[in-house]
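Take a look at this one chain, the form predicted on its own, written out in structure tokens.
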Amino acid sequence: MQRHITPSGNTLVTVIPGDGIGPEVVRSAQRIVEAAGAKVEWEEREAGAEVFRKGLPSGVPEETIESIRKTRVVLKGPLETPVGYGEKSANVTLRKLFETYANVRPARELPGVRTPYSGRGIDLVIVRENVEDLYAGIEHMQTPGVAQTLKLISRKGCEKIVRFAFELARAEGRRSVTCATKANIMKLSEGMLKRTFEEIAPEYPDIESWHLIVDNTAHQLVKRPEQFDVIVTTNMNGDILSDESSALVGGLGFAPSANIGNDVAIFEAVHGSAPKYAGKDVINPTALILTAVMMLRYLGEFEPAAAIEHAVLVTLEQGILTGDVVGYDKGVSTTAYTEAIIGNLGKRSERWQVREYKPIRLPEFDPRPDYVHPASRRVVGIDLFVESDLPAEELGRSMEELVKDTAFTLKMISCRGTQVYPPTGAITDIVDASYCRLMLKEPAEDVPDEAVAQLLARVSSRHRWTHIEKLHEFDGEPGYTKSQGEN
């Protein structure tokens, strides 16, 4: 891990105050970090709402990107994200620009924060793949009424997050890693994480490992959360499970997080910008304070990190709580809460323990794009996506006529993942976006361009086509799935 060391011997950290309540919680964390004697200095930069309002679609200006390239470490407040239109999330943009592939979300029971799970000893971490999956944000309108999102999962991305999860378990002295996927339905994408996990787990014999279907994981988190130590999962699943886990211990006000890559780490609270509370000195800064603790441990500042965590525990034990926990008419202000923690630096809780942490060993990987090398490969056909308002049988007969005397034969037509031609007897709604599974009469290492061109010329004479997917076989295994009802 590279760092920018200042002339005074401190680590320079890019700090992004953020939107809404962001500046208040970030300043609270900064004051406590400084009071604990951590060897850090700050370089403030901006991102989020104000940048969007200036007309920059990414929400992240070049000055901020340059600062992060220099410091390699970021402490960030919450950023507003436009919903349902236009700009990308500035949060996601930052994570993806710097390949912070591991999102780390601890959830731990805290003193004084009463929940239905108090006394159960919840102390777990969600490790979420952070740059792939549906969060790649690759979407298209196939037709005016049908949208698609591409769920991209790579072997390299899976191996990085799985190894990170096991290394995190070792660094934190944890005993088990659970892999949560939806591999029973998405056998290729989610299944890739499951297969990768099962291949790598034997390299960590000191850590217990098992796989759970993600919906069962959500169920088990509510039923018996204390059984979990580390849960590793894909991006969308991790987003949901990590918010669920934080709810078990008091909510997002107590949910720190880190986005860690091999080159850059971005530390942020996961709660929103809560603009209605901005400037009122009432917000709970615990999530950002504990996020700063994670940052200090990443930097190797283990003593001030432990001192801050102990001070937070002592403060909560003393019943010093903000309004989100005890009601805004009874809770202390953000400033008073911060000062109480500063006043408790050096004190240790008798009942609540702080883990012994070791530096985490980040996995290293071959940077080449072609990460997987099959021994054999061939193309057996294509899926041709078409827009059509014809009934399924009429579309099927039309396609059979069009592909006659080409290199392809029509195997079936699928609509929304269900075979609709040849008919199977299923009762299902038809929309105007379908794909036609066209098999090569003679499979080859690749499909000839001229054969595809001839096919598209014939199909486009009657139908509007949208895109093509090649049907691959790698090492004799199909690289595509069947539709419901397809044999």
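The first residue of the sequence shown is number 1, and the count goes up from there. Superpose the two forms; the largest set of C-alphas matching within 1.5 Å is the rigid core. Bear in mind that the values here come from a model prediction, so they are computed numbers and not experimental data.
Heads up, the form predicted in complex with a small molecule isn't pictured, but that's what we're talking about next.
message: Among the candidate stretches 142 to 150, 375 to 383, 270 to 278, 202 to 210, which one is within 4.5 Å of the small molecule in the model of the complex when only heavy atoms are counted?
response: Stretch 270 to 278 is the one.
query: Honest question, do Ala265, Arg297 and Arg355 all end up within 4.5 Å of the small molecule in the model of the complex by heavy atom distance?
result: No: none of Ala265, Arg297 and Arg355 comes within 4.5 Å of the small molecule in the model of the complex.
- prompt: Is there any non-hydrogen atom of Asn284 lying within 4.5 Å of the small molecule in the model of the complex?
  reply: Result yes; Asn284 sits at the interface with the small molecule in the model of the complex.
field: in the model of the complex, Gly396 touching the small molecule (heavy atom, 4.5 Å)
entry: No.
query: If you check in the model of the complex, is Gly157 within 4.5 Å of the small molecule, heavy atoms only?
result: No.
- prompt: Quick one: is Pro106 in contact with the small molecule in the model of the complex, heavy atoms, 4.5 Å cut-off?
  reply: Close contact is absent here: in the model of the complex, Pro106 is far from the small molecule, nothing within 4.5 Å, heavy atoms only.
- request: Quick one: from Gly331, Pro225, Gly191, Gly253, grab the residue that has a heavy atom within 4.5 Å of the small molecule in the model of the complex.
  value: Of the listed residues, the single hit is Gly253.
message: Can you pick out, from Glu301, Asp324, Asp239, Asp123, the residue that has a heavy atom within 4.5 Å of the small molecule in the model of the complex?
response: By the 4.5 Å heavy-atom cutoff, the listed residue in contact is Asp324.
- prompt: Just checking, between this form and the one not shown and with the core aligned, does Arg53 shift 2 Å or more at the CA?
  reply: Yes: Arg53 shifts by at least 2 Å between this form and the one not shown.
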